[in-house]
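As a starting point, one isolated chain is supplied in structure tokens, in the form predicted alone.
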Amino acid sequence: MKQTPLYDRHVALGARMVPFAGWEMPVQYSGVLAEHRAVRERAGLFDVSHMANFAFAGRDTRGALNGLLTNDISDIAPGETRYGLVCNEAGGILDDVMVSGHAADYLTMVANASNHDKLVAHFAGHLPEGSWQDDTDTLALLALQGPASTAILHDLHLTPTTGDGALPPRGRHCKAVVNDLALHLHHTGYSGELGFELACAAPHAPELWDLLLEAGRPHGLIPTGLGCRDTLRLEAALPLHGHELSETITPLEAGLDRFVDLSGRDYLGADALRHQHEQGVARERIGLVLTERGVPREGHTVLKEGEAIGQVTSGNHAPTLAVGIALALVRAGSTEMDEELAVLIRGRTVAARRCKLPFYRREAGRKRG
């Protein structure tokens, strides 16, 4: 079992450590509910150094990598980060990734820890030898998430060293420095809140962690674990590989059409996805809010008038909404918005309603559920 550079910090803070994608990771410190509320109302600090990190260099690398991504990155600019999906020939999702532009001949990627080995083999089989490298073990990644994030970075005296000297807007990134510690700051996250992700060399991670917690203490920042990371992303309806995404689920079935190039560009899986778009998907991702007490879980059957129409892919009690919510993959066209449905939970039929996604949207300041 691998450990991140912050393992000792987690143990010292009393974190409950669990195995996750081959790593020992903190699932919670003070408790999932308390940590979830901290991120929604103040700020939380996550160690996400288990995420897979890759770098791509060389004159022809951008074109070669573009041949493996559903979202066109041929025009990605330095300082820009773009979401995309890596698919197999059938259009199934190998992983969803974030690609950042640094220069015409240099790009980086963050991917899911659980798919690290799969992507290493995929890149080895499809990209020119020597055009990419695996930086997972040499980099650390910390996620500062919550409405107080910007104020915390200000009090940290973090100084951007590229761009216009200001914190990057959403979907952008820059180099920065804190106490002579060089890092890369991304205005991205997986919580549905304002947030940033900070990458640095692995040996400097404990120092950066301590600096962030110290600067964030007056703002109510607390360390947060994987438990609330999952409830936060579920409320924001953000997909997770192995649940809403898999090698047997396509981006179109997952509702990620806007990240799929359906023009004539050639990339792995393009023909299958164009064909599916023309024929129509057989399944679709929907959102459910329970209208009776209960907690939906992955694999629970979704019912319409007693007939099974699909399965829950992710479900939990939503702390912000104080109700059970779920993402589900159901037969396309089998249900309409606001229609009354049900979820079979441990042999009990629990009433539910289809709702718009996401369940929670920070910008609108409202809870859709």
Partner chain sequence: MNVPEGIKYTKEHEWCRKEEDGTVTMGITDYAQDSLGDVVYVELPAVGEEYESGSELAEVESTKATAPVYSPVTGKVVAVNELVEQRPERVNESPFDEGWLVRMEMAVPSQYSKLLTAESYRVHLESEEG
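It should be emphasised that the depicted structure is a prediction, and the values quoted were computed from it without experimental measurement. Numbering follows the first chain given and starts at 1.
There is also a form predicted together with the partner chain; it is not shown, and the following applies to it.
With the partner removed from view, the residue among 295, 202, 183, 252 that has a non-hydrogen atom within 4.5 Å of the partner chain in the predicted complex turns out to be 295.
With the partner omitted from this view, the residue of 335, 28, 320, 66 that lies near the partner chain in the predicted complex is 28 [heavy atom within 4.5 Å]. The closest non-hydrogen atom of residue 34 lies within 4.5 Å of the partner chain in the predicted complex. Taking the partner from the other structure, the partner chain in the predicted complex has a heavy atom within 4.5 Å of a heavy atom of residue 316. Contact check for residue 16: a heavy atom falls within 4.5 Å of the partner chain in the predicted complex. Partner proximity in the predicted complex, defined as non-hydrogen atoms within 4.5 angstroms of the partner chain, places exactly one of 93-101, 287-295, 117-125, 158-166 at the interface: 287-295.
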